[in-house]
Ligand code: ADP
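Next comes just one chain, in structure tokens: the form predicted alone.
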Amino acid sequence: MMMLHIDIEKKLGNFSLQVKTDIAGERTGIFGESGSGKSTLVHLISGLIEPDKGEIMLDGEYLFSSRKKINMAAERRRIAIVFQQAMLFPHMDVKANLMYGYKRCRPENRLIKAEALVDLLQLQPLLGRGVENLSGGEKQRVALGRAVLANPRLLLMDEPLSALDDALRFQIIPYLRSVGEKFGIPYLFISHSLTEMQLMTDHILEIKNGRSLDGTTPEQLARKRMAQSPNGYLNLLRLSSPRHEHGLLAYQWGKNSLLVSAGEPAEESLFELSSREIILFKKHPEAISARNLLECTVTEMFESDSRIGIVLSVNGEKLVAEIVRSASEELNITPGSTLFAAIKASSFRVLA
């Protein structure tokens, strides 16, 4: 398991960054709003910027220590970065870009073979192309492949999806996840998108105004930010086996069937559903326009400012609904309560 110790300070103009944390694990997120210091932290870890003071240790080895006067050169740290922009070499074709880091990697560290990576990222049809003839998503896949073929001991992904539209973002995410899982490379995934955090990470370090907060999980962060977010808590649902039914698509969700009006039918699709799009009833309504009516059991309740999150079990699947405190009291909702959740077919947003 990767162990990263950070205790550093850096001042850049009027902005100062102070981070003190220990990160252990393979899939860690660095989350914060734009300008919070996320990218500065990436540059400090990678060696592109030198901290003013403190120390950075990776797996017990000092990368930087002001006390010990150590500042390992960036090229010796074996840390690869994927940036917002692909930053491919324009004078090289795709294959040459991919092999750039591999050729500069010591032979004893060449554990990842180019053929395996090309297959995983589905890059074979692109190898002879010039990089100017690639789409945005293809460029990011090549940039990811180039970083991985450098055989790093840590991969930093600095907002790698922010320059892409939504359709491409969610097409690229499976590739980002797969390289860590297939080749055992731990990564830090940097983003200001909570949805990306939920899909890419297990643990999160939150950065706010240049200061590191206590570590958290994607679920805890989503609950904490529910009331502040314009979309509430975002349920991410994988739906499969669609069939046409009354002008809508009926998908399987575990043992449940959901009617959806969004997207083209695919064997499996990822959908987003806001907690604010779920209407709760204490009793089965006699008539309702919403096309989905699900009998649920309340398993948990949590607070987010003035809102109450209601965690529902629907035949073993989880949903989070959101209501104001007064509605919770009027409905007398407690863990163990049986409720009916109504959801419009148009409330689901297809992601991928």
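All figures in this text were calculated on a predicted structure; none of them were measured in a lab. A residue's number is simply how far along the shown sequence it sits, counting from 1.
Keep in mind the form predicted together with the ligand is missing from the figure; the text below concerns it.
Contact annotation: residue 35 falls within 4.5 Å of the ligand in the model of the complex, judged by heavy atom distances.
The ligand is not shown here, but in the model of the complex it comes within 4.5 Å of a heavy atom of residue 15. The closest heavy atom approach of residue 40 to the ligand in the model of the complex falls within 4.5 Å. The stretch among 317-325, 27-35, 298-306, 61-69 whose residues place heavy atoms within 4.5 Å of the ligand in the model of the complex is 27-35.
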